[in-house]
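Shown here is one chain on its own, the form predicted alone, set out as structure tokens.
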Amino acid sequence: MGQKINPLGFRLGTTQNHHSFWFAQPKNYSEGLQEDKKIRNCIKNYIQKNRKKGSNRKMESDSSSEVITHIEIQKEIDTIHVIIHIGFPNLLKKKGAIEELEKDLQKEVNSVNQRLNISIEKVKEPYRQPNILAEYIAFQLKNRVSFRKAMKKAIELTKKADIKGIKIQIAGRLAGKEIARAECIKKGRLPLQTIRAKIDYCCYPIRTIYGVLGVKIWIFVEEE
């Protein structure tokens, strides 16, 4: 059988960078790791809770647009810097949104001696990010759009971005069939075994009335 490996972890230190930057003694390392997880979960829950509900709107304004690509955490002695990379930061640009999020994080983390500093960075090419495409496919499937049509539409969106290849795979009870199967669509090159090739990847679960579908997206950005 083929040995599978996560494309992001496989390229750490070459084309992929770490999303957490801090130092801790070995006995305190697990606490710092759990704190990072709490911060990321709190931010994602805040975004999901405050999303606008609507179905007949464009991608930039519907519930699938407020997608976090990744969250960077940088810890200093007295400050925790949180950088949120997001596709369309409409929700977080609202007045008082950052302050409310900071209060939620302070309660979650209980950092008395550390100050929280949250900043927002908009992703330059949103349709180049697999998380945004996966959320778009999820939004389409929940609205009873055909899975093949949703995958083709997602690949069309990547034409706006400068990428060299893309692969989308959906697995589960597709179209409500009793037997689960996997369907895949690919366009361009995808050198998964080349370490210098910058490949973005995400795995995203979609909960539908027929059960849970799994979406995997690989995007070949460039070769360094």
Partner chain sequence: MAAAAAVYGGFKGKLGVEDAHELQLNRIRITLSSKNVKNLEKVCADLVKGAKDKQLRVKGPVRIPTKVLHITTRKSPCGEGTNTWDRFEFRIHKRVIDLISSPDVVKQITSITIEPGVEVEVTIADVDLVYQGNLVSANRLVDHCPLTVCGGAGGYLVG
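Just so we're clear, the structure is a prediction, and the values are computed from it rather than from any experiment. Numbering follows the first chain given and starts at 1.
This protein has a second form, the form predicted in complex with the partner chain, left out of what is shown; the following refers to that one.
Contact check for Q25: a non-hydrogen atom falls within 4.5 Å of the partner chain in the model of the complex. A residue is said to contact a partner when one of its heavy atoms sits within 4.5 Å of a partner heavy atom; Q74 meets this definition for the partner chain in the model of the complex. Contact annotation: the partner chain lies within 4.5 Å of heavy atoms from the stretch 25 to 33 in the model of the complex, the single such stretch among 25 to 33, 153 to 161, 173 to 181, 41 to 49.
Although the partner chain is not shown here, in the model of the complex the stretch 133 to 169 places no heavy atom of any residue within 4.5 Å of it.
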